[in-house]
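Here you'll find one protein chain in two forms, each presented separately as structure tokens under the names structure 1 and structure 2.
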Structure 1
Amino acid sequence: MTITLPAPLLTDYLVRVYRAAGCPEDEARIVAEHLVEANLKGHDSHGVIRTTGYLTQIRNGVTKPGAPTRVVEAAPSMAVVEGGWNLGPVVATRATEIAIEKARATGMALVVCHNTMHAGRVGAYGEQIVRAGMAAIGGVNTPGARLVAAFGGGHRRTGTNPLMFAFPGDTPETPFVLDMATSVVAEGKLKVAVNKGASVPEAWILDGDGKPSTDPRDFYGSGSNAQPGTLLPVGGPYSGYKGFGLNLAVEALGGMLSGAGTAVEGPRGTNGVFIMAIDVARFTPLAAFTGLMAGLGAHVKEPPYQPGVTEVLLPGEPERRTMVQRLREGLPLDDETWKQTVEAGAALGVAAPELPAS
């Protein structure tokens, strides 16, 4: 079963929840808007479902709301940011602002972050950079966390290590945004499947014995096999070495370069972040760049298509279509995710909003 909520109502509720958890008003809004936008764009794995985990880390003193974002090393086109163990969307949003400011001055800038909690949907930071008329490259690793098998391996070795590319499109509303886990799916999609009581495709996970499974609980060791399983790298049994290689590249840029640590070491539940902003106009006129993007998009969309396919979609298009629909019809949440969120809010003295009549 699902419930459907208007995005503004859910955002306001989450702002109140995070304020009650100790976040300053501006930080509470950054986090709430980040999570709700993830749901609006169809990335439920990085949306409201994350709230219970975030609040648990705050309650346990692991996450420190209000901690300053400090630049500990800087040059004209780079910065190293220390996040103070604040909520990841807060730190990454501020780091992205720094990258944009430096790229305006120098043409391009790379900012890396450590001591940062879960950064959420990486595509959001690419979109933030694109709104400034720039291109973006970024990603995050997860120090000390092991969720994904090596290509050919049967047990957890690295994080899901998402990678992002974002470019201005022919209109401000149509950017190119590629935001992908280097595992076959993000781990949060397994959380969503567990909450919904749904199975997953066989190519997603192995159980604790290294055997293919369609039960998402087998990943967590809460299914028929008590040993935790593993996600597989993107690319499948024949091309998974490509996803595995990208996964390790994100370990280098997100974990090693930032000082956050790799899957071998580092504080679990955190992210090492790298964000690059590129001022397109320093290289070529922005209008020329976006015109070429439009022409390339039209080119790859041309028929004929494979059987059963009616159109080709560019990275970012599915998210925009989902967002239009969910803004119009409401944002769907499964009952279990909503129940967990409401219980977490109630523990902080925040009453759930009154749901609109269906």
Structure 2
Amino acid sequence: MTITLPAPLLTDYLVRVYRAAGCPEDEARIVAEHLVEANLKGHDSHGVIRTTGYLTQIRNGVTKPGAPTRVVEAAPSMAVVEGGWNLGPVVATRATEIAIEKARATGMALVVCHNTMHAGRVGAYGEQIVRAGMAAIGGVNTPGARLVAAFGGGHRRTGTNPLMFAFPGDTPETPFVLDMATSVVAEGKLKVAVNKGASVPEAWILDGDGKPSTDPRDFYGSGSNAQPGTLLPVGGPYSGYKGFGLNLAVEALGGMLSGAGTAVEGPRGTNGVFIMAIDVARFTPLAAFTGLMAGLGAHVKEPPYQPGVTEVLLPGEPERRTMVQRLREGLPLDDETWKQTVEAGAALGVAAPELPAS
């Protein structure tokens, strides 16, 4: 069962919940807007569903709302940010501001973060940079995470390590945003397949013996093999070394430069974050750049298409379509997620919003 909520109602409610949990007003707003936007864009796994976990970590003292974001290493085009174990969207949003400011001064900049909690949807920081008229490269690793095999390997070694590229598009409302797990898919797609009782395509997972499987339960050790299996890097049996290489590059940029740690051991943060801003206008007039983006977009969208395909979508387009629909029709949440969120809010003395009649 699903309920439907207007996004502004949900944002206002979450701001009050995070305020009650001890977040300053500006931080509560950053987190609430980050989560609701993830839902609006269809990335429900990075949306409101995270709230109960975030609140538990605040209650346990693991997450420290209000902690300042400190720059511990700096040069004109780089900074290492120590997040004080604040909520990830707060730290990463501030780190992104620093990257933009430095890029404005020198042409480009790279900012990395440690001591930060779950950073959320990486594409959000790309969009923040694009709003400043800049291009972005970024990603996060998850220190200590084990979900994805090496190319040729038979067991879990690293996280799904998303990599992000974002560019100003032909209009301010249509940025190019590629936000991709370097595994063949994010883990969420396996959960969905398990819940549907569906199989998954070949070359997505191995079972607990390192053998190919199309039963998504084999990833969790709940299929015919009781040992948990592993996700594979993007690229398949021939080109999976590419996804594997990109996955390791995110370890190096997100985990090593930041000081957050790698898949081997992760002492300093839930995510190691890297965010790069490139000031397009230093290279070429922004209008010339966006004109070229429009031209390239039209070029790649030209038919013919593959059998069964009716159009080519650019990175960011599927999310925008979902957002337009959800802004109009409301944001769907499953009953269980909403119930848990409301309970967590009530425990902080925040009453649930009145749902509009459906």
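Numbers given to residues start at 1 and step along the sequence of structure 1. Since this is a predicted model, take the numbers as computed values, not measurements. Take the two forms, find the largest set of C-alpha atoms that superpose within 1.5 Å, and that set is the rigid core.
Novice: Is the form predicted in complex with another copy of the chain structure 1 or structure 2?
Specialist: Structure 2, not 1.
Novice: Rigid core fitted, is the C-alpha displacement of G133 between structures 1 and 2 2 Å or more?
Specialist: No, because once the rigid core is superposed, the C-alpha of G133 moves less than 2 Å between structures 1 and 2.
Novice: With a threshold of 2 Å on the C-alpha, tell me if P233 counts as moved between structures 1 and 2 once the core is superposed.
Specialist: True for P233: a C-alpha shift of 2 Å or more.
Novice: After a rigid core superposition, would you say the CA of T106 moves by 2 angstroms or more between structures 1 and 2, or not?
Specialist: The answer is no; the displacement is under 2 Å.
Novice: Superpose the two forms on the rigid core and tell me the Cα shift of G197 between structures 1 and 2 in angstrom.
Specialist: Rounded to one decimal, the shift is 9.4 Å.
Novice: Rigid core superposed, I'd like the Cα shift of G188 between structures 1 and 2 in Å.
Specialist: On core superposition, this C-alpha lies 4.9 Å from its counterpart.
Novice: State the core-superposed CA shift for L147 between structures 1 and 2, in Å to one decimal.
Specialist: So the C-alpha of L147 has moved 2.6 Å between structures 1 and 2.
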